[in-house]
Each structure stands twice: as structure tokens, then as C-alpha cells.
Ligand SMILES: C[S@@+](CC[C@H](N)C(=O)[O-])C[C@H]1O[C@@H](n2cnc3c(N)ncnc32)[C@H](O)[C@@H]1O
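A single chain comes next, written as C-alpha cells; it is the form predicted on its own.
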Amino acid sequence: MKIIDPLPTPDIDAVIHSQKLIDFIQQKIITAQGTLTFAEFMQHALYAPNLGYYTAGLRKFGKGGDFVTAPEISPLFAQCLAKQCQQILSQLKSGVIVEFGAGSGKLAANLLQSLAQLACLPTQYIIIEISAELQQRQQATLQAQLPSDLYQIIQWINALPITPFNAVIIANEVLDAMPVHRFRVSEQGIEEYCVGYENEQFVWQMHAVTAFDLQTSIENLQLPIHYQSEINLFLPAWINSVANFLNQGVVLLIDYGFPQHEYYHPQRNDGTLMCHYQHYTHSNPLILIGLQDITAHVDFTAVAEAALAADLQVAGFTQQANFLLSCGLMELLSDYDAENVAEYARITQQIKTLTLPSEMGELFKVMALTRQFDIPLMGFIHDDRRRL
């Protein structure tokens, strides 16, 4: 990912689309008497019906999009994840897989192919996808890449299930796209970043925090003056909703982030808010409205606390590199012919991207939450950082 200024210029169709979303959010600001919290702004920018970044028809994933996820980098990611799913599914009666936000569909395709080779298919593969356009793309991708017997076990839904399942629930780069409150600690107290609209552009406005839950949550962090960051207050409700449809099984959360003592480290006093546009990254969420992804890193301590409150157990926490290695990543490499120099070099480069600390290996974490599942999970056998 590159950091550059200026950013690439969007084409005319993108500008027209963006203006529609700007008008939509501007009307929300007027209705709210002049300002939105940043969490509200981020919600609209990403998820406004048919206009937001994740709900409109813009390409987001892969070389032609704005960012590349691990399943896009290499099928080895899904093959390792399949080993972990195999261990779990073998212990569940009528176990299903539930994937949140399946992106391009590559993870689902590679995961089902790998599980078929392992003779351990789920009874159903459920994709929760709120974007109708992304559903159509995923259906086209999966129908093209999978035999009909595998494709037929996939079901798309656009809301959380009501019936509890025995399941493996997968959320790969989902939590980082949740709206966050942005705040700073000043001499006057805790202030919240809000968004107004002036001179035909969105602008920051600072307001004293008045919401009790936000005030209390930030005070509990005991941050110094002049510290600014983000906090995700939607996380506990999301974890609780996931727990509500898990009868027995495991939730695998894969995302970039830190435990709380690292997230709110004194040296990380500008927060983690980042935007992604055409494989460039920058920190201004008030431009390229609807055309760029807006993300914040995940506070995994908050995830663990929310899980315990929802009657789930935290069964493992590790870096992505250690999870993949524990799930047999290097054994998968041995399946490739080292004498085919070009192919072997391509695969080893993919492994480096997935595992090196300077790439995805250290920043990305994997956390497992369980219910009625006490078997040690293979992905955390060699490295488990729950106590760190």
C-alpha cells in the first residue's frame, strides 16, 4: 500500500456517484441541525443504501480495486483456514460455515474446494452480505469456480440469522469497517470529532462529549491530555448478535489491530484511522466520499471483553503468521515443485506477504471465540497470546 499526495483523480462516473452520496449526507447534517458525529458520518459514507462504499457497485477488492485482502493474495490462506475448519466441523453435528462479507468470493471458493479435498464439507455455507451488487458478483465468481454440487450448498442472506447453528463463523476484515467514534482528550475534557458541511465541503467540528456511554468508555482508558484516537461502541452489540445464532462452535475473527495496551499506547496518540483508495492510503476521511474505504484498527481486548459478556469463551489469540504456520502453511508449500522456479518463487512471495512482520504477518491477528467447544484449536497451538 502506497502513501502519496495528491491521490489519483476519480473518473467522471465516480464523481457523479460521490456527489449523490455527498448530497445524502449533507441532508442528514441539515436534519441533525448542523453536525453528525464521525461515527454517523462513517456509517453513511460506508453503508448508505445503494450509495455507500460497501453498498454501491464500485469495485473494491483486488488489483483493480482499492485494497487486497489475504484471500486475494493467495489460495494458501484459505487452504490453511480449511485445516482449522476441518478440525472444528469434525466435532460438530450438522455444522455450517457462516462468512460475514464475502468480498470477491475468493475465500468461499478456495475454502469450499479445500474442504471438499479434505472430505469435510459443511452442510451449508451461508454468506451474510448486505450489498446486493456484491452478492451478484460473488454468485458469478463462485458459480464459475465451483462445481454445481459445491455451489448448491451456498446460501446468501442480507441479515443476521435467527435460528441458532452449530457453526464455524468467519469474519475476515469485517471489524475494521465498523463505524467508530473519533475523540481527543484536551484541557477542557473529552471532545468528539464531528462532521459539518461548509463551503461545499465536509469539515471537522469539535464538540464536548455528552453521551454517557462514550464519556465513560473513554475515561476508563485513562489517556493523557492531547491524545486522540477512536473507539468502537458498536462492537459489543455485534458480538452479542453473533453469539445469539451460535449454538455450538467457533467464531474466527481475522483483522488488523492490537490488544488495548498497544492500541492506546502513548506513542500511538494520533489514532489508527486510515482510508484506502486505489491502493493508496491516507488519513482524510472527509474526501472521496463513497469512493474510498474508511477503517480503524481493532481493539482486540474490547473484542474479548464483549465476547465474555455474550457468554462466549476466548479460545485463542495470535498473529496471522503464527496461525497460518500452525495450520500447516509450510507443509502446503511442499506440494509445489521447487524445480519450477517461476511458480515456486510466486508461491514463496505470497507466503512472505501473508507472514512477514513488515507485511501482514504481525499486524493482522486471529482471535477465536467459542461456545460449547473445548478442544484446543490447532491454529493457536504454537503461539497463543491471550495473556499478553
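Bear in mind that the values here come from a model prediction, so they are computed numbers and not experimental data. Sequential numbering from 1, following the sequence displayed.
Heads up, the form predicted together with the named molecule isn't pictured, but that's what we're talking about next.
Of the heavy atoms in Y277, none are within 4.5 Å of the named molecule in the predicted bound form. In the predicted bound form, S131 approaches the named molecule with a heavy atom inside 4.5 Å. Contact annotation: A177 falls within 4.5 Å of the named molecule in the predicted bound form, judged by heavy atom distances.
The closest non-hydrogen atom of F67 lies within 4.5 Å of the named molecule in the predicted bound form. This chain is displayed alone, yet in the predicted bound form one of L246, I289, A102, L252 has a heavy atom within 4.5 Å of the named molecule; that residue is A102. Only one of F165, Y227, W238, Y264 lies close to the named molecule in the predicted bound form, with a heavy atom inside 4.5 Å, and it is W238. Only one listed stretch (85-93, 197-205, 212-220, 68-76) carries heavy atoms within 4.5 Å of the named molecule in the predicted bound form, and that stretch is 68-76.
Residues of 18-51 placing a heavy atom within 4.5 Å of the named molecule in the predicted bound form: Y47 alone.
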